[in-house]
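Okay, here we've got a single chain as structure tokens, the form predicted alone, with questions on binding and movement later.
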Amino acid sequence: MFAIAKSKAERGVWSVDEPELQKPEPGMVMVDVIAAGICGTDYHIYRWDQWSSGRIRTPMVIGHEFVGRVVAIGDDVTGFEIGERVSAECHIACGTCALCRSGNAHICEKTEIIGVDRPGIFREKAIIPATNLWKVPDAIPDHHAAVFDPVGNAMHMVAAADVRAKDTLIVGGGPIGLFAAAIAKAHGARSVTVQEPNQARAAIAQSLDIDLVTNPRHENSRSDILDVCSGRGPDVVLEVSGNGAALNAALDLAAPGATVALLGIPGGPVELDLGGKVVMKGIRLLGITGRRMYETWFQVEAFMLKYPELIEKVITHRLPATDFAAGFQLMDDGACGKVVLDFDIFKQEAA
């Protein structure tokens, strides 16, 4: 069985040949993976930066964004049938702690992440807890359903920051930043600006019909953002770049009392002027991780059904799973939006 794994503690990921999976245990479901998105987290693991090298145990099959078909159901599982299309929440929470029982399972301290703490779904078949599965409506195409997870990250961030009627700045035009821009506009932001130095990603942002796309390296970027924000600075900053310098610049630019939501994972520690740029300005910092289970999933489903054209603009490459190296190279080059790998090729070949 083909799979993509972090086989060695160094830069890169590799294809591996795994044994076929056996019948799922009670409470678990086996899926044939149809398509899977390459996440920014996968890219951190591929690069083997400070965060991933301190978190990942090698060897580890990676990947957590996917859509698949149910092919086997373990005992004690109800509500699913063979052949149904599903995606899944990749954070496996304990379900019993105070956080889980108070509606905050996304920050459960015992959380295990698929493809990070336990084997991932970049493989022909995967076994997932039934409680984490999400049935996919027929109207949502496979390559859109494969990215429920990152659209959910963007949705969680936009909803938590409450962009309605507010000038909103998105720092970083990677896939989650692009999804966030589309969602913020659809959710009634007064204005939406994306800061992105990469020309390819800036062009995707322009196609989303937002108010301003600006290169933070250009000297007029700050004044252009202030013009869009009536001279005050943005009321909401959504930081998805993970770049410390970009975060510091955004905090400096943010309006007093602004909400700054942080989702990007830095490669290492970031130094901030908390006194001058946060405390004295009354800035509200929000750490955003994962998706609210399962409120965010309902919101993403509704967004995908209503705005499929926006999802399509952000997914720029669909590659056979065996060409995964080309997908990571596109990310290295900054020459893509979202990359989706096709795992259905293995079923087609078998047929």
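For every residue, the number given is its place in the sequence shown, counted from 1. Fair warning: this is a prediction, and the values are worked out from it, not measured in the lab.
Just so you know, the form predicted together with a small molecule exists too; it's not on screen, but the next bit is about it.
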(message) Would all three of 68, 141 and 341 be in contact with the small molecule in the predicted complex, where contact means some heavy atom lies within 4.5 Å?
(response) no
(message) Given that the small molecule is not shown alongside this chain, does residue 119 nevertheless sit within 4.5 Å of it in the predicted complex, heavy atom to heavy atom?
(response) no
(message) Contact with the small molecule in the predicted complex for residue 241, defined as at least one heavy atom pair within 4.5 Å: yes or no?
(response) yes
(message) Can you tell me if residue 265 lies within 4.5 angstroms of the small molecule in the predicted complex, counting non-hydrogen atoms only?
(response) yes
(message) in the predicted complex, is there a heavy atom of the small molecule that lies within 4.5 Å of any heavy atom of residue 289, even though the partner is absent here?
(response) yes
(message) If the cut-off is 4.5 angstroms on heavy atoms, which of these, 186, 270, 212, 246, is the one near the small molecule in the predicted complex?
(response) 246
(request) Counting non-hydrogen atoms within 4.5 angstroms of the small molecule in the predicted complex, say which of 126, 180, 171, 192 makes the cut. (result) 171
(message) Only one of these stretches, 25 to 33, 321 to 329, 303 to 311, 289 to 297, has heavy atoms within 4.5 Å of the small molecule in the predicted complex; which one is it?
(response) 289 to 297
